[in-house]
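Below, in structure tokens: the form predicted on its own, a single chain.
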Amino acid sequence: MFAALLRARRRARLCDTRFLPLFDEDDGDLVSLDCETSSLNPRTAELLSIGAVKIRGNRILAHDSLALLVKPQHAPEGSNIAIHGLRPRDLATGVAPEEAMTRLAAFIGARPLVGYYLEFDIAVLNHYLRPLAGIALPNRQIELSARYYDYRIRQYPDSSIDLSLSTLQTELGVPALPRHDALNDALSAAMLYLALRQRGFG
């Protein structure tokens, strides 16, 4: 009930009709989401790439995915280039942040979002979305580290739970794709979600 009221209030504050898809009817699919950014500070990080893929039932719709390079306003910090591998010349061909956000909204619609430490990605995306649409992303969020914690703590109530991505992949039997590529990371998150759901924690 509260979630429905919050969505209605956000819908009323929407100031750009390009983002109306965020309030479409939920079709039952999920979207696994990941972003690469210029830094790890959500207040100042610039969006560099977005990867997203749909999940329908027990299937990952790899053919129904979104992969965008985003042209930043400022040169990416050199220290992070070693992590995400995106050089200024790569990003020069990217889309403008405004276009990236409208394309993302059209792709995700009202579907719940799945991710690993998703809160950071959502904070960065909202930094771009609020000035354009007047709202934050209204989508429900499914945090994989929290689901995995619940899964492991039920098995080992008094243990310390390692929430690193490599541990999640090893313990859940999910293959490790090359990291710090937004679409690969979104696919990895989708596989982790399905592995957790098979164990009753989806």
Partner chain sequence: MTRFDFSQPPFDCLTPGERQQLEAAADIVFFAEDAEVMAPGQPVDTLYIVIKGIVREMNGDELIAVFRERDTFDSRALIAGETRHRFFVHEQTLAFALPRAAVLALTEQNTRFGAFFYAGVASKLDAMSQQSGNRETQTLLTARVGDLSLRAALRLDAHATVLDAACAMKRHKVKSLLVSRGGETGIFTVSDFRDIIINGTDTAMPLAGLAHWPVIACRRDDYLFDALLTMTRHNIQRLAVVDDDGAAVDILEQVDLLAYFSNHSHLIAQRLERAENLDELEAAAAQITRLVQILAGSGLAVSPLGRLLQALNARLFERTWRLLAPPALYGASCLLVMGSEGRGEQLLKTDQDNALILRDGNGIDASAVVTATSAFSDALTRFGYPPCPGGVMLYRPEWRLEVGAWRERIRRWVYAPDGEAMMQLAIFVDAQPVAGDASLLAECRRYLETCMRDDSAWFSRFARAVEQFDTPLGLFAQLLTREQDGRATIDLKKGGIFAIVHGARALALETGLAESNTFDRLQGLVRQGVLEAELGADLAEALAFMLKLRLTQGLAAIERGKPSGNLIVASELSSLERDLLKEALAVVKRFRALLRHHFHLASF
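Numbering follows the first chain given and starts at 1. Everything numeric in this text was worked out from a predicted model, so none of it was measured.
Beyond what is shown, the protein has a form predicted together with its partner chain; the following relates to that form.
In summary, the region of this chain contacting its partner chain in the predicted complex, judged by heavy atoms within 4.5 Å and restricted to 170 to 178, 140 to 148, 157 to 165, 40 to 48, corresponds to 170 to 178.
Within 4.5 Å of any heavy atom of its partner chain in the predicted complex lies no heavy atom of Ile135. Contact between Ile153 and its partner chain in the predicted complex is not found at the 4.5 Å heavy atom cutoff. Contact between Arg7 and its partner chain in the predicted complex is not found at the 4.5 Å heavy atom cutoff. The closest non-hydrogen atom of Leu194 lies within 4.5 Å of its partner chain in the predicted complex. Residues of 181 to 202 lying near its partner chain in the predicted complex, listed in sequence order, are Asp181, Leu183, Asn184, Leu187, Met191, Leu194, Ala195, Gln198, Arg199, the criterion being any heavy atom within 4.5 Å.
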